[in-house]
Each structure stands twice: as C-alpha cells, then as structure tokens.
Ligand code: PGA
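The chain below stands alone and is given as structure tokens, in the form predicted alone.
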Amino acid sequence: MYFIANWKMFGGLKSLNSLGKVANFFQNFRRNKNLKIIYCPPTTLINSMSKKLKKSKIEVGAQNCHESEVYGAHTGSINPRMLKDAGASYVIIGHSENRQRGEKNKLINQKIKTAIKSGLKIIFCIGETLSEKRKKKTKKILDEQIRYGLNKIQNKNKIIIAYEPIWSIGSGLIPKPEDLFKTIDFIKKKAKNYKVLYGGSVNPKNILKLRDIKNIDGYLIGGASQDPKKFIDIIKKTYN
C-alpha cells in the first residue's frame, strides 16, 4: 500500500523537522504491513530531505521534470538526471495542475520515457474535470490519457498510476465509493498490471470510506501530508 505525500509548493528547510515523527512511526509500524511511504517535496528540498530520511526507508520523489535527458539551455528547468543526482527515486508526471498549465499527453509521454531512462520511477497522474464528468466523458478522457501517456512504454514495474479527479483536488469532495470502485476497475483493465492509487482531498475523515474500496493500491495525498499528525492518522486508519 502506497502513501505518497505531495507537498506541492510548500515548505522550507524548517519543514523537514516534521519528518522525524513520520520516520519514527514508519519504523515501528511497517514491520507487519505492506507499507511504502514516498515524500514529493519542492525541488529545493529534495537533497536535504533524502539525506534526512536515508536511514528510514522512506523514499523521496520530485513533482515534475523536463523532458530532456541531457543538459541544455532551458532556464528554470530541471531534468530527471538532476533529480536523481539530488536524491529522488520517483517523479510525479502528468499532475492536473501541470496539465492545466499546458502539458499535453505527448509531452507527458516523453517525460515518462526520459525519467525512466534516467533511473527514476514514475507516479503517473490521470483525471477528468468536473465538466467532463458531467458530460459522462470520464472513461473517454482516462482512456486517452492512458493510451497516449503510456504509449510505447514497457517498464510497467517502474510506473504507478494515480487517479486524481480534478474536481476533487482541494475541494474536500471525493467520488462516491461505488463510482470510484468502477473507475479504478476501468483503469486497471486499460492499464493491466499497474498499481492504481487514488488522490484528491484525501484526509483523516474520508479515509474511513476510501479504505473500504478494495481495488485501490494506495493514496496520493496533498495538503494533509504536510501535517505529520494527519498523515500518520491516514495511514493508521487505512489498516485499522
């Protein structure tokens, strides 16, 4: 079961002090559990966080990357080799916030290929907007994102899919359990042998509903992951 903390644009060096609570909890809790924790902080914190968590077996990921494997004249950009060198093991690609800023399926596909070649594992995000949901286009959108995003990619063991309905992110709303089960099932049929996580307003309250959906392989957690108490609470409640 995966618990991925997406810190988004949050945190400075002082924020790393909160990791001790999660690392201590993980050390004692994971022994009899199939549990994996991955932190995806801003790029500025990757190196410091990876050093701080080195002995804990908690892994560190990045939130995005450039599509080029080689160095070049791309001011402000960071390629996967740089992320790997800084201490990242994973990278989030295709997050809706980046799709909304113009990232298309073809570019996302290239980023995935480059990141895998650079030695990173992928957290591949897919999801539909509220308008697409209302027009009953959820399956069409997810099918396109999967087909084009994973086009000609064979390294299934290097990729985790995170289903994040865009209308749910930051809204406090989550899909109805029966609808979410069907959507995850659809994704798993389209992308066979991939682990599929759920993301979108996951918190200590709604995890009690989400944990009963048996085809979910973990969670991509935003705001709640910035608070160690809430993050630990989500993990505990998943197993209790």
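Just so you know, these numbers come straight off a predicted model, no measurement behind them. Throughout, we count residues from 1 along the sequence that is shown.
We do not show the form predicted together with the ligand, though everything after this point is about it.
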Answer yes if any heavy atom of residue 20 is within 4.5 Å of a heavy atom of the ligand in the predicted complex; otherwise answer no.
no
Taking the ligand as it sits in the predicted complex, is residue 223 in contact with it (heavy atom to heavy atom, 4.5 Å or less)?
yes
Could you confirm whether residue 168 comes within 4.5 Å of the ligand in the predicted complex, counting heavy atoms only?
yes
Tell me, yes or no, whether residue 97 is in contact with the ligand in the predicted complex, where a contact means a heavy atom of each within 4.5 Å.
yes
Option from 178-186, 52-60, 193-201, 39-47 whose residues, in the predicted complex, bring a heavy atom within 4.5 Å of the ligand
193-201
